[in-house]
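A single chain comes next, written as structure tokens; it is the form predicted alone.
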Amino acid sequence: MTDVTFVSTNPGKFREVQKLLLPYGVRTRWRRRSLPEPQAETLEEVVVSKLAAVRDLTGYVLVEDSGLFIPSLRGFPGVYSAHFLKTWKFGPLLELLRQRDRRAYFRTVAGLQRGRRRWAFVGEVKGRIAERARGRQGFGYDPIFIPEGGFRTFGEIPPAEKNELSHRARAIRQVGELLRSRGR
């Protein structure tokens, strides 16, 4: 079994990552630590900054950054998704979208490092923003995001089903594939 340390302050993300990596023979440990989230243009830049902040950890270390991107708002909130949600919640965003196209996508960049080696993995899922928050599952923007082809928000979908569809799941499965291919 391969060990990975997932660094985040979000217990919901840890539970998702842990469940997603287990089928690949990967045991995930959680290191609760606040990581820098610089004002950056891309999620990739944020992940590089996070990886630099965990250089003191040994073995495989995993970080990620995710964002909700809404093309009709020029990609906003994007890399500022966590800050916007913490400050404003859903109200202003839903108001901004009242007369706009509600198409959106979630994007995750997962960064894995071991020593000086680094890998990046990207996962995306397209969908749209609901007219109001629905559901209590998940975290973050889950109650307002409806994945493409669906009618329920991620907040209404059980965790196991969300893990089949989500942007984070798509990126983390790539991590699992790499670790499995590198041998135990």
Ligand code: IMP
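A residue's number is simply how far along the shown sequence it sits, counting from 1. Please read these numbers as outputs of a predicted model, since none were measured by experiment.
Note that the form predicted together with inosinic acid isn't included here; everything after this is about it.
Legend entry - Touches inosinic acid in the predicted complex: residue 140 (any heavy atom, 4.5 Å): Heavy-atom contact with inosinic acid at 4.5 Å: present for residue 140.
Inset, instruction - Look up in the predicted complex whether residue 82 has a non-hydrogen atom within 4.5 angstroms of inosinic acid, and give yes or no. - result: Although inosinic acid is absent here, residue 82 would touch it in the predicted complex, with heavy atoms inside 4.5 Å.
Inset, instruction - Please run the contact check for residue 170 against inosinic acid in the predicted complex: heavy atoms, 4.5 angstroms, yes or no? - result: The answer is no: residue 170 has no heavy atom within 4.5 Å of inosinic acid.
Inset, instruction - Using a 4.5 Å heavy atom cut-off, state whether residue 37 contacts inosinic acid in the predicted complex. - result: Residue 37: yes, in contact with inosinic acid in the predicted complex.
Inset, instruction - Quick one: find which of 140-148, 28-36, 54-62, 116-124 has residues within 4.5 Å of inosinic acid in the predicted complex by heavy atom distance. - result: Result for this chain: 140-148.
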